[in-house]
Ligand code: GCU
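Below you will find one chain, with nothing else, as structure tokens; this is the form predicted alone, and questions on how it binds or moves follow later.
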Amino acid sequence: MKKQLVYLLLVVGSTYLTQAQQTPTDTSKYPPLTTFTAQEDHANMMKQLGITEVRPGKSGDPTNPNSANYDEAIANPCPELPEILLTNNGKKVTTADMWWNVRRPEIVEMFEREVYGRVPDNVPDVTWEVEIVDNERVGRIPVVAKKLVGHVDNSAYPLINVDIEMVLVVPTNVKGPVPVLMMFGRPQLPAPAQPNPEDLEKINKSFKAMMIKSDPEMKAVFERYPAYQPITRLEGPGFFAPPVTGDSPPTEQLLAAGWGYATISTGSIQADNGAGLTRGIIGLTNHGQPRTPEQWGALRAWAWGAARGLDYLETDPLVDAKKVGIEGVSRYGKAALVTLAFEPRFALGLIGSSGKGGVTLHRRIYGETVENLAGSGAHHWMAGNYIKYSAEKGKFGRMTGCDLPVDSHQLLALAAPRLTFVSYGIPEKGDAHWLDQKGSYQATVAAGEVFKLLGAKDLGVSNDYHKEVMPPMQTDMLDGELAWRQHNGGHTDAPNFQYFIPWASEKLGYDPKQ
């Protein structure tokens, strides 16, 4: 995929916005937008694939006749994983050159074709605009906060606008440039900085004048209270804020360790539903038409958007672009792993509670299944071809996860030898068995072969995923570039940040005091 063109616009309301992001008056020369429900889109893809019947996804309700399986005795219908270091023509991969030049491209091709989809060649360029730059304080830490918008060139199909939303927050009390962790979520600026007393006096003077001009009776009111100011300064917590600990919000922990963070909006890239597949960046590249079976789903689209955010970070002098990571939890954990696997410029990843479609093995039948991801409630995350593996009847015949040519241990291996931290919580606190923590541990164990081949350290155990037993929660497996830790909390990676940050800083050779 070609690298997208990045421009930095510092003036709001540039001519670009009026030219490339406007909806044309005459729409007749463009194909009309297709509007599907998620169910209609799923049915359209089944028709394209020649599938007449699919198996339904498992239910999380244990009283449902089609409830999810949690019996390990039947969880592994095909326990042997696809070979990770054996080429398609049967040759053993024994060198790093064979991995990079032969085996890795083979694995990428299979994931693109069958699981996550291909990014099309006609993805338009992105132009970044800095909307707001503010000097603020997060707790005790002074920061620069930037609100950013990445405008996607829609001149080829102006009926769809895509504007990528991102916020960047960087500490100013350390010597830069600094590492940055990009997180999938809702971008929000920290609490805005308060005007100093001199500026606040000017604001109040102007505000009083405007009020009197609007309502002359206000002049007498202000004369009765000459010392009163309509707008008062709200002091931030400053040095009265509590010190940062492992229980503090992850963003504060990052800043306290000398890291910056960026939050990028997935919804501004691609909607999280099947009805949105003819909109967003996927719809824009398809000119509002439905996908074909090999085209990208939302996970790959979100990963593409994160890469475009990295394009901007590479231009920001406050950021060490060689030390940018990607983070996400649940569906965003899936997207974070896909990002790390397909975009080699990301130096590290924190993959939280990602489940099926993330770190958990596809072919295991434990909790969430292939059928759940291939159904109309989640098929938009994946390539259309993924639906084949839930097919009961059709031109491909009956297919299951056992027919997939790849599995998640190979997706993890695509991240090697970069820093990859796999995080889970515990079912008792809400990180449900549905996510199949054991299946994720097995994939992480198996992926270690490639990390070691490339000169990195893995979990420090054998790579026999049949034999290795998942360790008790809160066991640190953090010696290598591939790391695992199951915290004692729920469906979040927040409790692991206090372990992730020092691990990442040490591995990256980053010391904010130097």
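The first residue of the sequence shown is number 1, and the count goes up from there. Source: prediction; values computed, not measured.
This next part talks about the form predicted together with the ligand, which is not shown.
Partner-contacting position among Arg418, Arg291, Arg331, Lys323 - heavy atom within 4.5 Å of the ligand in the predicted bound form: Contact residue from the list: Arg331.
Consider the chain as shown here, without its partner, and state which of Glu368, Glu129, Asp316, Asp407 has a heavy atom within 4.5 Å of the ligand in the predicted bound form. By the 4.5 Å heavy-atom cutoff, the listed residue in contact is Glu368.
How about Trp434: is it within 4.5 Å of the ligand in the predicted bound form, going by heavy atoms? Looking in the predicted bound form, residue contacts with the ligand include Trp434, since a heavy atom lies within 4.5 Å.
Is there a heavy atom of Tyr389 lying 4.5 Å or less from a heavy atom of the ligand in the predicted bound form? Contact with the ligand, no.
Residue-level contact is defined here as any heavy atom of the residue lying within 4.5 Å of the ligand in the predicted bound form; does Tyr441 satisfy this criterion? Close contact is absent here: in the predicted bound form, Tyr441 is far from the ligand, nothing within 4.5 Å, heavy atoms only.
Is Trp304 near the ligand? Define near as a heavy atom within 4.5 Å, in the predicted bound form. Because no heavy atom of Trp304 falls inside 4.5 Å of the ligand in the predicted bound form, the answer is no.
Based on heavy atom distances of at most 4.5 Å to the ligand in the predicted bound form, which listed stretch, 331-339, 67-75, 195-203, 95-103, is the contact stretch? Single hit among the candidates: 331-339.
Check each residue of 375-405 against the ligand in the predicted bound form and list those with a heavy atom within 4.5 Å, in sequence order. Counting only heavy atoms within 4.5 Å of the ligand in the predicted bound form, the single contacting residue of 375-405 is Trp381.
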